[in-house]
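Next up: a single chain in structure tokens, the form predicted alone.
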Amino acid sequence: MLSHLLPHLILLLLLSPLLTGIITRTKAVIAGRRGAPLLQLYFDLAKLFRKGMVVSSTTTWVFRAGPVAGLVVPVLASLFIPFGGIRAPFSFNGDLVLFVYLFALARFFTVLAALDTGSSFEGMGAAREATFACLAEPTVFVIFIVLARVSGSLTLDAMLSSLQSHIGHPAAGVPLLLAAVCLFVVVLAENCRIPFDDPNTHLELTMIHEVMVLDHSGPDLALILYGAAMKFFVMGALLVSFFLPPQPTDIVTETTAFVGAMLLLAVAVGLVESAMARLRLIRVPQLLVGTSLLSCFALVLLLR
């Protein structure tokens, strides 16, 4: 498995900022605009890493730890899932629990960093982030139970690698499709995309994630943006595993199919954001609870 570590990290580190550019460009095309270049996030990261930082005298080391955790956690979490033909470098029974709570750890440090500023505005966003995360985690765990039941394994690598052989099965096909729909909603929620949050706004009282990072600048802001791009890539890799074609023996073809599926996912997210408006905050918990119920229904269909 360790032989897959280097290509695994290269794919994650190099491709993840491109997905953000594809989402932005898709939205621009739908709106009839030219839009920013596909490589805009790469340019932004290079510029931010060269800039200085402004840090409030009221903050502590916790404020600086938030961006670091937001960058390191997606890298660690990615090591437990396959990227097409590139198998997971590390795998053990029950790694799905570690996968979920690695992201919970990153969220914990991000919330603490927001609270460390002493800003009531950022505290408001931190409270919303924690609340919505509590509603999204049950859906993820039920989806993993469905995958474990279908694959007969408790490792993410085996669960995701065997989905292609089960998606067309009459007994498992419908539960897996329902699980994929629920996971798509969770991907939008966890990555602060429309209809849950708008990553491009900085002026409204309804912000969630963006309000927590308003005081970060320079390299710290670059770490946050890069970590967010990698988080979308990792969670998107979970989703596209449902729809990859039956795995061929050629690792190059298999990985190319995975990359193509990730690019299509970015286009799909851009289309969703172009067609929908952000939900009212009181509607977000209802949608997340609905995905939990739908994922439970998928599990019931699988166990009947």
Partner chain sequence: MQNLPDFILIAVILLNFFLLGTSRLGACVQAVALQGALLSLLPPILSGPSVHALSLAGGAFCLKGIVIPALLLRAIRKLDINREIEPRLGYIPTLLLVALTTAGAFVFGDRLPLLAAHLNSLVIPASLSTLAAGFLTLITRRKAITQVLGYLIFENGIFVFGMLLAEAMPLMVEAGVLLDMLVAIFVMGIVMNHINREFSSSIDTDHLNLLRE
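Residue numbers count along the first chain shown, from 1. For clarity, every value in this text was computed on a predicted model and none was experimentally measured.
The form predicted together with the partner chain exists for this protein as well; it is not shown, and the discussion that follows is about that form.
### Message
Residue-level contact is defined here as any heavy atom of the residue lying within 4.5 Å of the partner chain in the model of the complex; does Leu163 satisfy this criterion?
### Response
Flag for Leu163 set to no.
### Query
Might Leu6 be said to contact the partner chain in the model of the complex, defining contact as any heavy atom within 4.5 Å?
Close contact is absent here: in the model of the complex, Leu6 is far from the partner chain, nothing within 4.5 Å, heavy atoms only.
### Query
Taking heavy atoms and a 4.5 Å cut-off, does Ala158 contact the partner chain in the model of the complex?
Flag for Ala158 set to no.
### Query
Quick one: does Ile194 come within 4.5 Å of the partner chain in the model of the complex, counting heavy atoms only?
Output for Ile194 is no: heavy atoms all beyond 4.5 Å of the partner chain.
#### Entry: Interface stretch in the model of the complex with the partner chain - options 237 to 245, 252 to 260, 275 to 283, 35 to 43, non-hydrogen atom within 4.5 Å
Result for this chain: 275 to 283.
### Query
Each of Ala180, Phe184 and Val185 near the partner chain in the model of the complex, meaning some heavy atom within 4.5 Å?
Spot residues vs the partner chain: no contact at all.
### Message
Only counting heavy atoms and a 4.5 Å limit, does any residue of 276 to 304 reach the partner chain in the model of the complex, and if so which ones?
### Response
Contacts from 276 to 304: Arg280, Arg283, Pro285, Gln286, Val289, Gly290, Leu293, Leu294, Phe297, Val300, Leu301, Arg304.
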